[in-house]
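Given as structure tokens, the chain that follows is alone and in the form predicted on its own.
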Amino acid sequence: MEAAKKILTNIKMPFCPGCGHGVCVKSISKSLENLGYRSKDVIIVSDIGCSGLVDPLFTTHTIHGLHGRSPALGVGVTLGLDNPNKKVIVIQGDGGATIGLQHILEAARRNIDMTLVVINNLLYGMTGGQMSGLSTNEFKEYKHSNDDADPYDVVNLAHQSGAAFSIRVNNISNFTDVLEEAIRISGFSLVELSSLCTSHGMKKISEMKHYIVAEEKLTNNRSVGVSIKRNTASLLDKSKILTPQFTSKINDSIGIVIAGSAGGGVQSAAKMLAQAAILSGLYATMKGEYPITVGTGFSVAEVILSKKPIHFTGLENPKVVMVVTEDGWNKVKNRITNSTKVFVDTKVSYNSTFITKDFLKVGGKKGAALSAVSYWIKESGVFPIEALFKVVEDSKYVTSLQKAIKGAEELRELVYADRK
């Protein structure tokens, strides 16, 4: 069966030896195969935790959500697709179900046509075995936890909220059949699967049966929830179309990393670089990375420029690295290889022999990254510097941006060097 071979990849399971999650993943895959789904007809939405490691195991579409929020993400995908021939499967653990319980109840209340699989190993496995809201009192006593609050019955809660189908299954030999039944349901279905955590919980199924909740199956006969349709303009309609006005000498592709501190204009400089490249007839991608606490620490941006369409935005070995602060240097210094061309500001503290230049002096705190970008464009000749001036001409900060670009042009010495 061709479809069956494509639901699951051949990638090795990332779970601990004996972990029950592998059985759950295989059962989900098998149930989809048995129902005849093709990989492109299935959207797997995963959560944080051990259950969130499943993404590369499936050949389907996959989306990774925040901890506990995957059901909400699944609701959005389902309503957005509005296609009965597509199937949204949300996978989360008992920890995610605890953290995002309200999202489960909301999906059940609206009876959204998707299937939520809660893999319950009675604890937070990835973070060391802490008790979850689905940990039974028997299990908590076994683990010497002093929490005696009764656990959530997520199957019954989903039912009371209006789920078309909710079920708890402890016998692994029934996983596939039950999942098939749940996936066939029109409306919201929740399947709680018992799973071993051999690192922090039980080692054997025979031991676990003393600590789990009995199986139950509940149904509601309700209409499937739908979204209210509105005719709205595409968000892309508001986007400015960049039409090539210049030419580039790039024949292949080049990966660039720009590194500095939060609030230093690193992301803006990267975006301007990408836009200038597009104005020069290139394809461009940009990704930003910075700490979750906005406004502090490093700020790093990756830009790929290419003569051909870019199908993968990953950048493992950048050809060019520009660093304007020590925060940025500490973040990217390990990515530099012997073939990397490096631009650094003179105030950056490091033990190396890279040639540096005064990007901060000519561009200021918020313009140093743009100054470095400007200098590299001028030095490398990848495309005319006029493309960058074109990008900034409509900005409300045009004067300061032009000053940062011109300041870099005035630097006369070579600002990059091959690593010795």
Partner chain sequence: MNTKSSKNVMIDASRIITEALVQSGADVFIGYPITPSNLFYSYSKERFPEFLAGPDEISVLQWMCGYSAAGKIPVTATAFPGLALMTETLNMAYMMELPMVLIITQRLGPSTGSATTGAQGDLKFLDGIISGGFPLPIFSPSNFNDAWTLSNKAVKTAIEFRTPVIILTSKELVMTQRSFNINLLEPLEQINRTPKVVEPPYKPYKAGKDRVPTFYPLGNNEYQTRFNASTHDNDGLIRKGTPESLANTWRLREKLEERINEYSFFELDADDGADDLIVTWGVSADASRDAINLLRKNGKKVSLLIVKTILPISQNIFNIIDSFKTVTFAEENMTGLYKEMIFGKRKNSKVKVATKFGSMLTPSEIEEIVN
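Numbering follows the first chain given and starts at 1. C-alpha atoms forming the largest set that superposes within 1.5 Å between two forms make up the rigid core. Just so we're clear, the structure is a prediction, and the values are computed from it rather than from any experiment.
There is also a form predicted in complex with the partner chain; it is not shown, and the following applies to it.
- Just one of 75, 256, 344, 193 has a heavy atom within 4.5 angstroms of the partner chain in the predicted bound form, so which one? Of the candidates 75, 256, 344, 193, 75 is the one lying within 4.5 Å of the partner chain in the predicted bound form.
- Which listed residue (239, 339, 173, 251) meets the criterion of a heavy atom within 4.5 Å of the partner chain in the predicted bound form? Looking at 239, 339, 173, 251 one by one, just 239 meets the 4.5 Å heavy-atom criterion.
- Message: Is it the case that residue 271, even though its partner is missing from this view, gets within 4.5 Å of the partner chain in the predicted bound form, heavy atoms only?
- Response: Close contact exists here: in the predicted bound form, residue 271 approaches the partner chain to within 4.5 Å, heavy atoms only.
- Partner proximity in the predicted bound form: residue 136 to the partner chain, non-hydrogen atom cutoff 4.5 Å: Close contact is absent here: in the predicted bound form, residue 136 is far from the partner chain, nothing within 4.5 Å, heavy atoms only.
- Query: Does at least one non-hydrogen atom of residue 381 fall within 4.5 angstroms of the partner chain in the predicted bound form?
  - Reply: No, residue 381 sits far enough from the partner chain in the predicted bound form that none of its heavy atoms falls within 4.5 Å.
- Message: Can you tell me if residue 186 lies within 4.5 angstroms of the partner chain in the predicted bound form, counting non-hydrogen atoms only?
- Response: No.
- Where, among 101-109, 328-336, 215-223, 177-185, do residues come within 4.5 Å of the partner chain in the predicted bound form by heavy atom distance? Within 4.5 Å of the partner lies stretch 101-109.
- Message: the partner chain is absent from this chain, but in the predicted bound form, do 55, 79 and 244 each have a non-hydrogen atom within 4.5 Å of it?
- Response: Yes, because 55, 79 and 244 each have a heavy atom that approaches the partner chain to within 4.5 Å in the predicted bound form.
- Task: Go through 258-289 residue by residue and record those having a heavy atom within 4.5 Å of the partner chain in the predicted bound form; state none if no residue qualifies.
- Result: Contacts from 258-289: 271, 274, 275, 278, 281, 282, 283, 284, 285, 286, 287, 288.
- Message: Quick check on residue 244: with the core superposed, does its CA move 2 angstroms or more between the shown form and the other one?
- Response: Yes; that C-alpha moves by at least 2 Å between the shown form and the other one.
- Threshold 2 Å Cα movement between the shown form and the other one at residue 116, rigid core reference: It does not, since the residue 116 C-alpha is displaced less than 2 Å between the shown form and the other one after the core fit.
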